[in-house]
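As structure tokens, one chain now follows by itself in the form predicted alone.
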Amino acid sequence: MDFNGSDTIPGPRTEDQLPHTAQAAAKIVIVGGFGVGKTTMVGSVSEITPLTTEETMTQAGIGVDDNFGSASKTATTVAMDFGRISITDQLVLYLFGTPGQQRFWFLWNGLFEGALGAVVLVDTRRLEVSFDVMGRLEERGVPFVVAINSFPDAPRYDIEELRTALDLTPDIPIIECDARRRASSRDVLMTLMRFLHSLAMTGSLT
């Protein structure tokens, strides 16, 4: 999914300083397979100029990296994406997008460290990629929601069909989104925050 087609925040993005009203901050990771829209989501929703570590894809990646559905993709994240969004005047989220190619997954453990929660971006053309992603989050005890990124040529399924296919428990939220759109990406983050709040209220969030 091309970040060039993403929403842009009207006017200049804010400087890196925290809003003076901020009282709490949380680390959120955006995870998923290669080309599912992680960089796009961070870029579309961040109120500061996002930090990206994209490098040009080369012939060396052929046969190593899975670029299904991303034939037009010319760059890939090799370390992380970073952005920030103020959910309220008091609460700020720091967003960390993980690299999607499996050869860079060794970086994930460091990015998961200290994360309050995660968004798992899913491409319905490659549901199988999501299992390893969710498995790693479960191993680390990081709560997550699933966001189905809407690609024009991707098959559409009923939410409960997707829940069954992804082997998700009934409590884990699933939401459809368009990672290029700021409002849609923000809705995903709000879904995650409500989920984390519900876990905290039941004592399930450690």
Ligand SMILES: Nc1nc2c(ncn2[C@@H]2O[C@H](COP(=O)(O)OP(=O)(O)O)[C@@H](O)[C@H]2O)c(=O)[nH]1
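Don't overthink the numbering: it's just position in the shown sequence, from 1. In this text, all values refer to a predicted model and were calculated from it rather than measured experimentally.
Heads up, the form predicted in complex with the ligand isn't pictured, but that's what we're talking about next.
Undergrad: Does any part of Ser150 reach within 4.5 Å of the ligand in the predicted complex? Heavy atoms only, please.
TA: Because a heavy atom of Ser150 falls inside 4.5 Å of the ligand in the predicted complex, the answer is yes.
Undergrad: Hey, in the predicted complex, does Phe34 get a heavy atom within 4.5 angstroms of the ligand?
TA: Contact with the ligand, yes.
Undergrad: Would you please decide whether Thr40 lies within 4.5 angstroms of the ligand in the predicted complex, comparing each non-hydrogen atom pair?
TA: Flag for Thr40 set to yes.
Undergrad: Counting only non-hydrogen atoms, which stretch in 157 to 165, 44 to 52, 139 to 147, 173 to 181 is within 4.5 Å of the ligand in the predicted complex?
TA: Careful reading of the contacts points to 173 to 181.
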